[in-house]
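For reference, the chain that follows is the form predicted alone, supplied as structure tokens.
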Amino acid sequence: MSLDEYTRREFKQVGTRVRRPDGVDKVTGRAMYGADATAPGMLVGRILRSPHAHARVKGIDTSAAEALKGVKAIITGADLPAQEDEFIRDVQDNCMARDKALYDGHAVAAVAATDAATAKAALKLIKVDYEVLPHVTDVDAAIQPGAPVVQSGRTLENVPAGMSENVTSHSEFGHGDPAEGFARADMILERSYRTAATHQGYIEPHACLASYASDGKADLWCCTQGQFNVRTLCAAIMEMEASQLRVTASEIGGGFGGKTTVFIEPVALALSRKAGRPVKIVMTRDEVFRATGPTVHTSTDVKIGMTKDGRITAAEATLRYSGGAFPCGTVDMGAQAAFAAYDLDHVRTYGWNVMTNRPKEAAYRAPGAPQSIYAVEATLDELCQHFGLDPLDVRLKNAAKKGTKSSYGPTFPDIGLTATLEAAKAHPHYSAPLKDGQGRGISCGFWFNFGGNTCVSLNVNTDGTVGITEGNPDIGGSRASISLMAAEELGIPYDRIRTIVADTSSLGYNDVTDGSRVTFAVGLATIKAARDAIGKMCGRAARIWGIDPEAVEWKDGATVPAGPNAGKFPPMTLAEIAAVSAETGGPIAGHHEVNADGAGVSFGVHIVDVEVDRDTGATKVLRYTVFQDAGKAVHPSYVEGQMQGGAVQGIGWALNEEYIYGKDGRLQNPGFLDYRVPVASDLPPIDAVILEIPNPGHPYGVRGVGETGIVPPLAAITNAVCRSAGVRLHELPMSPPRVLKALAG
């Protein structure tokens, strides 16, 4: 289908704002979250965590705890089998330390007891013999030769000799000759930036219930963004066959990428196996902050050359990302994304992954991109100020478009960046007057989007309703979008469809709900499954009418003869065909499985107005507008919510949120009292402007929208603050003390 055909298509249900299918359950308390799961004979699990940032575990004495009445099982790292696979070993070692505790909060033992009070008392009776080791929690300090080594032997061959052992990998992307491009610039600006680690801030802590039976089969209920991934990781750690472990995903009280791995699930399974009873573990908020993945914290150098009329002649960036105490690949995505919004002849990015004594990093929407693009967009804004150029005009002049060789390699197909920038420039917000002391900032944003492994089953019930079984937890409205696409394809009302999320034993493998993949990939599979069912229903009608199946077509929810030569028969609706399915061949179902590609990249532009209080250093956000290309907004309200949510999280990241470590390497603010996320009074109304530049890789033109929204805010707010304050800041968050320091010079 051509882009013109996409544009001309008139949707009847896709694009409407239907009622969310989970709304009533969630507002009435009926929805089942991770901590709501129970089982007969259930035990309470609790985890003992290291009070040291780095320490050798010389011995663990559990005898006194084991003797406590009500204690049914205790495990340490020795109870989990040694893993040969490096990735699985890292996941396991993060769940339970072996020889060394690598960060403050690292699990070293776990207890299962008959009640919470007993489990808590048992933890106090466990004696751990620690040898405290030197630690390092800062990425720039960790990269220096002579820094305390977090883990030895983790450095890949592409890291030059002589660097700290904490540097585990190096990546490089780009094309052209930056030196040649810089020689043509009227000005070359070099800046260095730092961003703090931030947490996803989900309201629901991690929770799970594990039941390991004597026959070797196990069930696990947990809050997760991907039950199949949980099964894969836990089965490997427990040395089980995947078929013997069934994982059921609960409703999820927020994830944002932070629930794409496991932290407590293997521990609960090991305790259940040892105790012979179900074990439930629910993290405290302190544990969530100290022991689950925040973002990387970063240090970045950017160099951009520009002509006086605003053309970027060359660009370079060096990114140093710390993913905590284990190697991670987030810096690669940051390096690829850094200059992706621009059409550049000469560009190069370098990425370095560095270990520190911090918790293992987890995804936080668009992992790695907000930090690198923040540095690029802030530098670009400073160049615009130097030359007195309009920042949107400069971005339009340099914007990537169809045919641009991206900074990370591929050549872009049809993309919506130019249209998004033009929409931002034409919006009343951009031309609205500012008062004295106020500042306006803008930024572009980019994310790759993914497809991945997806499986969907669609069952046509005899009463004419349809049940869809898919394998991805709904973290952003996917049940509604999937039902809408099925309704559109089948030609039946939305409320005649119910979409459920299956457990791992009920459906083929599905990748994690991440990468902005679900509405794209599961939607694609749902459309294909619906078409599979439609083909079968056409066959049933052909049998009833006594004509060839090829002579029947589907139109507006019913079979009709394909033309006058096929005969004259009244339309048979889906409900009519379903009602006689038992007499025409049996149940009717559609199915589709795919490793989807063609997700299509996504761009966004944010405009924000702020006012800095020069006496306190506090920043007030006055107005915020988000522009983003959704390809096709299947459920516009959910799309707007994703865009607004990214802006809100970006406001917190830019102005207040950060992990603060003391000299002892311990986290100083493991709770929402001291780790300050935005509340309603911190926020202005956030306008969301949806653009629809169809993605040719999807039957309805859909692009993922879940992650791009968090990429521009860091730079947009920085640029607004700097223009309001009249000084440039180069570190996030721009908390009041940092702003006051910058104002003081």
Partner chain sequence: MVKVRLWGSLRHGADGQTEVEVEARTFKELLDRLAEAYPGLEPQIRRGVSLSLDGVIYREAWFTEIGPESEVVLMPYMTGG
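Positions refer to the first chain, counted from 1. On a predicted model such as this, the values are computed, not experimentally measured, just so you know.
The protein also exists as the form predicted together with its partner chain; that form is not presented, and the subsequent description refers to it.
- In the predicted bound form, its partner chain lies farther than 4.5 Å from every heavy atom of G439.
- Its partner chain in the predicted bound form comes within 4.5 Å of a heavy atom belonging to F450.
- Put simply, P587 is far from its partner chain in the predicted bound form: not one heavy atom of it is within 4.5 Å.
- Its partner chain in the predicted bound form is approached by H170, whose closest heavy atom lies within 4.5 angstroms of it.
- Look at 632-640, 451-459, 191-199, 562-570: in the predicted bound form, residues with non-hydrogen atoms within 4.5 angstroms of its partner chain sit in 451-459.
- Among Y659, W352, F326, F256, the residue placing a heavy atom within 4.5 Å of its partner chain in the predicted bound form is F256.
- A heavy atom within 4.5 Å of its partner chain in the predicted bound form is found for one listed residue only; from G535, P134, G671, P413, this is P413.
- If you take 303-335 and check each residue for a heavy atom within 4.5 Å of its partner chain in the predicted bound form, you get D332, M333, in sequence order.
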